[in-house]
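Have a look below at one chain only, the form predicted alone, in structure tokens format.
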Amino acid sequence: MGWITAQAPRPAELNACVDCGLCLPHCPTYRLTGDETASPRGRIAAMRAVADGLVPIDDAFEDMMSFCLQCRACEAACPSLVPFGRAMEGARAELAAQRSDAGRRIRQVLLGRLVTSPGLLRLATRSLGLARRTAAIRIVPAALRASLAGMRSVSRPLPPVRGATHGAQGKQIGSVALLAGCVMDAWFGGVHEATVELLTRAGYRVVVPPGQTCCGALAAHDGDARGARRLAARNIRALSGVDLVVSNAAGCSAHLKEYAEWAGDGGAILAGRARDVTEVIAGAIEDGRLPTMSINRGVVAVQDPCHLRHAQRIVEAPRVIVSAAGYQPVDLADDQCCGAAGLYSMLHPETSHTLGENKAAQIRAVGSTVVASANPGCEMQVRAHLDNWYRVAHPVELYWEAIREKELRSRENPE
């Protein structure tokens, strides 16, 4: 039957792969299984076979595509620059179009209604918080319970920041629209606070437009192409009229930078303005607009989110930020995916758990109880696999806390 949607993998994307195998040692699922069908090369071969009409889109094909974490480590290693992430999103869009089932329809409703509605998300958050404190948690699916173990504070979500405008402190050098996001808005308000404070101190006027919504990354990764396009169109309207569009979730900033794929010319314009908060704050530190702390706070383990390191190729910025906070950044043994991967922890809980345990072991080997991670899914996954005395925080949170502590000491002990 072949492909039937415009989102499907394109011949140029699939033909760019020369089957060299250099991606294999970088692919988490191949490293776990040693199975060619669990590798980028094997998945591309399956996509080619479907495109050529040699095999149908069947259970075997769906299993191969579903098992992929979409971490895009293969892209960073590929000498042929195969856009594997784009091809994988296209393959999953085909699966959604040709093999719609109850589970996929439920996920589309959740992604289209729950995460795009701040009110519903906060209601669900409070309900989950109550369930965690009572026997009702038993009715929550085991895979979801594992994910909830890493949530910051589901019982007391911070108030929303949408609709606010924050003036630049000092000379204004530009304007920023902050993507409030879905889970970031409900569960990671402290990261938003640090982001706004640092951006305004760096000379930006920060607006948090009220008409914005989820970036659409979860929908795109799950094959809901229509939903991803709808969310992108809404954000293009809401996040206009500024110099930069900033996200403090690595998965969201990566998706914003690929909006041209989902919304044409309007998407390309927004994509050109999209930035991850780490690159903006690191740039302000390096050019002297934000300070560097002289105090030694010890070692911090840096966990690189896949969509920061592999999709955006941003590696140094988080390390610049935690260094400016007074920490010594230490890399982990490797940059393999932590296993969060959006909905992956619920769809493939055993594999996700194994990868989470592997990441936790790497963090323990560093010897620090402080971990810097620039993506909410990674932060929740890592926290779920570490003991309670470990602290996992966004680099901008660690940096903003260091600035506040220095200012407090200065007020208490003026020279």
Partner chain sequence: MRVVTFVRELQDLLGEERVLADPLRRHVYGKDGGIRRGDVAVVTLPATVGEVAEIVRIASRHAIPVVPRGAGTGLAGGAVPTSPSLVVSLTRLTEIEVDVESSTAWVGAGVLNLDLSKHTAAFGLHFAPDPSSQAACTIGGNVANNSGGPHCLAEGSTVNHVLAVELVTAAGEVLMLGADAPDPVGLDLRGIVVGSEGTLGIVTRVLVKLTPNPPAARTLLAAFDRVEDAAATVSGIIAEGIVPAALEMMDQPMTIAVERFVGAGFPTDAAAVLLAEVTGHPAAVAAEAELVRAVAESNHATRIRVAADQAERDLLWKGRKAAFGAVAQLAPDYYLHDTVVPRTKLVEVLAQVYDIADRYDLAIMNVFHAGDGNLHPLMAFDASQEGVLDRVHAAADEVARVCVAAGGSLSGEHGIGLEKRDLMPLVFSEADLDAQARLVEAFDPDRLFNPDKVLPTGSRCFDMGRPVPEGIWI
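Note that the coordinates shown come from a computational prediction; the quantities given were computed from them, not determined experimentally. Numbering follows the first chain given and starts at 1.
This next part talks about the form predicted together with the partner chain, which is not shown.
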property	result
Heavy atom of residue 387 within 4.5 Å of the partner chain in the predicted complex	no
The partner chain contact at residue 24 in the predicted complex, heavy atom, 4.5 Å	yes
Residue contact check: residue 37 to the partner chain in the predicted complex, 4.5 Å heavy atom	yes
Non-hydrogen atom contact residue 167 with the partner chain in the predicted complex at 4.5 angstroms	no
One residue of 172, 240, 80, 98 in contact with the partner chain, assessed in the predicted complex (non-hydrogen atom, 4.5 angstroms)	80
Stretch in contact in the predicted complex with the partner chain, which is absent here, among 52-60, 351-359, 378-386, 365-373 (heavy atoms within 4.5 Å)	52-60
Contact set, 19-46 vs the partner chain in the predicted complex - heavy atom within 4.5 angstroms	19, 20, 21, 22, 24, 25, 30, 31, 33, 34, 35, 36, 37, 41, 42, 45, 46
